[in-house]
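Consider the single chain below, provided in structure tokens and representing the form predicted on its own.
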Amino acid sequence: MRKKKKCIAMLLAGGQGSRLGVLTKSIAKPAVPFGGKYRIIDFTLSNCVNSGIDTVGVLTQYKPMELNEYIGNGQPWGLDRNHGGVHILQPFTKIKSKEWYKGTANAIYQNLAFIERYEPKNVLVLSGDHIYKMDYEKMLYEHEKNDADCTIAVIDVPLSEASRFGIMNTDKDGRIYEFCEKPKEPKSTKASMGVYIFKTEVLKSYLQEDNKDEASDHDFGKNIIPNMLSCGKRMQAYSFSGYWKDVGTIESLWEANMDLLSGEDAPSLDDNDSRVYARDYNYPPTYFCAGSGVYDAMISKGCEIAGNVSHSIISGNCRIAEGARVENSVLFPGCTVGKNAHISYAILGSDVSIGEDARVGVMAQGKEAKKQKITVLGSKFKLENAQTVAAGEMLEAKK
């Protein structure tokens, strides 16, 4: 007889990430490279493993092939198990119907059979597109101690940004008495992180009722949470004070990468007690040519650096030629930067090729300079010799 699980995780990873533009043209947002050697989803998967959660359902939908291939059998995260482990859950055809996931709540509803296989007492619902390190075991302890029907991880945000999140009010004991998804006029700065723990039976009943409601958006923030609150269910807030960033926009993705270089508030990547695991590619060591210069940068394996790199993140298998300059930028795997080219405040997608003497994102200095915008080139984009891409442009490769 198989042992019941105390808690399993359902990781929502099916979003298109349309605000990332050409970077998610062919891959799901959680599969987007981050920090030189990682993918965005690595942080959430690693959080699960480091928190003792060994059963994770990954719900995919949009352009899932690369994400599915990357996760594989879960071995890099220690999730290759006979009972539990990681499972890719995609929409499937049923006897009487076939449909895509219609919302975050509907995605979980369609996979209730997966949850029931493990008979967990609690279900942890997560998003696969946030950068943070968190011990879910501590949150689960508080959830059970308070006998909560649902516990929501909460982070304090600036009032100016509060309208982007689900905002709640709590009493002195942390019990939630008011919740509003993306309010125009926020009443507090307590924002939902999109991390929920539910009692399994309570979650099932509300998902089943929500599925019958044709007017519902089938969304946790818009429907499930407000419905539970209005019915008097015990809703508890769990305060989180560490680094957390939703990398849903070009600016926030660039900022989160740059935060790794600042070292002040960013999640530590070398903490053995809460390591961030990732699939490792068998690249050779990086080679720094004579005359190259690297300052305040992260350079992954398999690179050849002959030019100058400053305040940048360089992913694996990149080539930066003699005389080239890369500054304040993020290069995804496989990029090539030609001789004397200049890259500034840019994100280059995988396998982008920059010709000799080309310029990307370089702005005028002094009085003519404006607030720097991030320039983005999509996967496999090729920029010819001496060509220029203006600051703030977003271009994709020609088919």
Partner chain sequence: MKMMGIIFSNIYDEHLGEITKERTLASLPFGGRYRLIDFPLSNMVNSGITNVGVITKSNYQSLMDHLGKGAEWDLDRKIDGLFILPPFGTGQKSVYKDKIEALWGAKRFLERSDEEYVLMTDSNIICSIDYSEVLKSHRETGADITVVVRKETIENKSDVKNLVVSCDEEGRIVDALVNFNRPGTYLCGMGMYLFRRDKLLDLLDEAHSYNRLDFERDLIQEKKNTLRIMRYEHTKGALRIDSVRRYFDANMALLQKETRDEIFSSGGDVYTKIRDEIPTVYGKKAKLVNSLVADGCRIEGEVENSILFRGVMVAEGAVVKNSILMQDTHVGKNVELEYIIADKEVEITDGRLLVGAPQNQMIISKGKIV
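Positions refer to the first chain, counted from 1. All values derive from a computational prediction rather than experimental measurement.
One more form of this protein exists, namely the form predicted together with the partner chain; it is left out here, but the text below deals with it.
Asks: Heavy atoms, 4.5 Å, the partner chain in the predicted complex: which of 160 to 168, 284 to 292, 176 to 184, 216 to 224 makes the cut? Say which one.
Replies: Correct option: 284 to 292.
Asks: Have a look at Lys301, Arg81, Arg234, Lys102 for me and say which one sits with a heavy atom within 4.5 Å of the partner chain in the predicted complex.
Replies: Exactly one residue meets the criterion: Lys301.
Asks: Which of Leu140, Ala266, Ala278, Ile155 has a heavy atom within 4.5 Å of the partner chain in the predicted complex?
Replies: In short, Ala278.
Asks: Check whether Gly36 has any heavy atom within 4.5 Å of a heavy atom of the partner chain in the predicted complex, and answer yes or no.
Replies: Answer yes; at least one heavy atom of Gly36 falls within 4.5 Å of the partner chain in the predicted complex.
Asks: Should Asp273 be counted as a contact of the partner chain in the predicted complex, where contact means heavy atoms within 4.5 Å?
Replies: Asp273: no contact with the partner chain in the predicted complex.
Asks: Is there a heavy atom of Glu201 lying 4.5 Å or less from a heavy atom of the partner chain in the predicted complex?
Replies: Glu201 lies outside the contact set for the partner chain.
Asks: Does the partner chain come within 4.5 Å of any heavy atom of Glu322 in the predicted complex?
Replies: It does not: once the partner chain is placed as it appears in the predicted complex, Glu322 has no heavy atom within 4.5 Å of it.
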